[in-house]
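Only one chain is included here, represented as structure tokens and corresponding to the form predicted on its own.
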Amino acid sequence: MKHLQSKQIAVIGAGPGGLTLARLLQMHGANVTVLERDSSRESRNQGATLDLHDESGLAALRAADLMDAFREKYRPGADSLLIMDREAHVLHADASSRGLTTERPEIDRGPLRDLLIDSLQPGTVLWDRKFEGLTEIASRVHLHFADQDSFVADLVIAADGGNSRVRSYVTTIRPVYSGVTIVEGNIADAASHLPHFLERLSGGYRAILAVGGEKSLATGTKGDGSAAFYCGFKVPENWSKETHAGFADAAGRLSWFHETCPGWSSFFDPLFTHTNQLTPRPQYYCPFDQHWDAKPNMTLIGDAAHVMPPYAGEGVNMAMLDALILATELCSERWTETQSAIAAYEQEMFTRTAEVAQMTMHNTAMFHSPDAGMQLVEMFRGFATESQALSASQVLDT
């Protein structure tokens, strides 16, 4: 890794992918700084439960020497769920609780982020850096942030998510709208506000996945006593900017739910009356055949590189595997300059994520098909027959 010596590496985005990359690079002695738009590590809710796959997310944690920290924070049994129809009838129950014996143990997004941040050298993450643009002067990259000084780097890795503002400096290829938008909600105190949910989840279940009428609704509890839910439905791409004024109060949110999801049971009503807000998230995916020529000083990982809907549970795993492969290439002695290392990473990434994206889009269509319930039950029973039952977050990367 002689080509990295004395170089400043900037990772934009302190999600699991960016933080994993920073950890792996620091283990090899690289000079790396993570620049994150959040004002602090506590500034916002970090989402729900993720499952880490043995061949990707867990492989990255093993390489980062963080499995002991993971064992302290993961959630045994979080992979158990009920599949329901829109009338709240149970179609299938998976009560599996395999702990670390499974290839896909689960952890809440917040604790995962914390263990990764804690693994970094003090001062690695610079908070409150809202990226606004960059300029290239000679071979160096000048990163510009709102209300902050510019940061100069020799190598920039964008890990700034599906709405990446860095992506356009690497490629002109734009993500494509999937046809599905997700509305997200969070309930701080599930025990007080969702007692009927918790009663239905008694017996070791941690999540409910309901489908019907070409809609989906996934609800899961988190280790801090809160719950999160994600309602997916087909609407035009601009819907999220034009037609959610009714989200402002509980009555409006409930009215929207029943107008959007007709025929759905009142069992689901408390989700919409007890969340403080609903956040619309249009779902995009990158073209399966995307490709660009490697740059000498810039690349993309995670959703910035290959955003896709969450219906295969691969998002965080692909991001962490990106980090592992990119770090391996950057630190390999076979490369004498950075561009070749980036090209090797990107070629592998294009091939790998194209296959995952196609699987994800197949699942996205299935979740929102007229016979989604039947297809999901068949899929879960098929995996159970093979002793590989899917977890809730394996089919919805939340």
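We number the residues from 1 along the sequence you see. Quantities reported herein were computed from a predicted structural model and do not represent experimental measurements.
Although not depicted, the form predicted together with a small molecule is the subject of the following passage.
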| property | result |
| --- | --- |
| In the predicted bound form, Lys222 touching the small molecule (heavy atom, 4.5 Å) | no |
| Proximity of Leu58 to the small molecule in the predicted bound form, heavy atoms at 4.5 Å | no |
| Partner contact for Gly232 in the predicted bound form: the small molecule, 4.5 angstroms, heavy atom | no |
| 4.5 angstroms heavy atom contact with the small molecule in the predicted bound form for Ala22 | no |
| Check all three, Arg62, Glu329 and Glu346, heavy atom within 4.5 Å of the small molecule in the predicted bound form | no |
| The small molecule: the contacting residue among Arg140, His258, His193, Arg165 in the predicted bound form [heavy atom, 4.5 Å] | Arg165 |
| Proximity to the small molecule in the predicted bound form, single hit among Val211, Leu155, Ala207, Val316 (heavy atom within 4.5 Å) | Val316 |
| Segment that reaches the small molecule in the predicted bound form - one of 258-266, 124-132, 85-93, 290-298, heavy atoms within 4.5 Å | 124-132 |
